[in-house]
Ligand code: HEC
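Shown here is one chain on its own, the form predicted alone, set out as structure tokens.
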Amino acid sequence: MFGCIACHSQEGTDMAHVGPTWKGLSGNGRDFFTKDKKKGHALADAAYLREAILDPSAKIVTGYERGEYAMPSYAGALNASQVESLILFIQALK
């Protein structure tokens, strides 16, 4: 409904997608760059996923920092229940 699958796959491949796959994302470590270009590493837990949905430019996954397409913020576009449902869905894609 919000076009997520145009950029993210559920099958584990990044091919033909401008964003990282969701399969196996939850619970794994993610290398990223912050808005001020500092490197970081975080576990893709519920808090990380929530931030990625609501403030996607806070931590840009390594390998996607130079893409010509940026993920939009879904703050205000999704309500709290929709954000939680999306997080649960991503967590289920092991």
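What you see is a predicted model, and the numbers here were worked out from it, not measured in a lab. Numbering starts at 1 and follows the sequence shown.
This protein has a second form, the form predicted in complex with the ligand, left out of what is shown; the following refers to that one.
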Cys7 near the ligand in the predicted complex, any heavy atom under 4.5 Å? yes
Considering non-hydrogen atoms and a 4.5 Å limit, does the ligand approach Pro72 in the predicted complex? yes
In the predicted complex, does Pro56 come within 4.5 Å of the ligand, counting heavy atoms only? yes
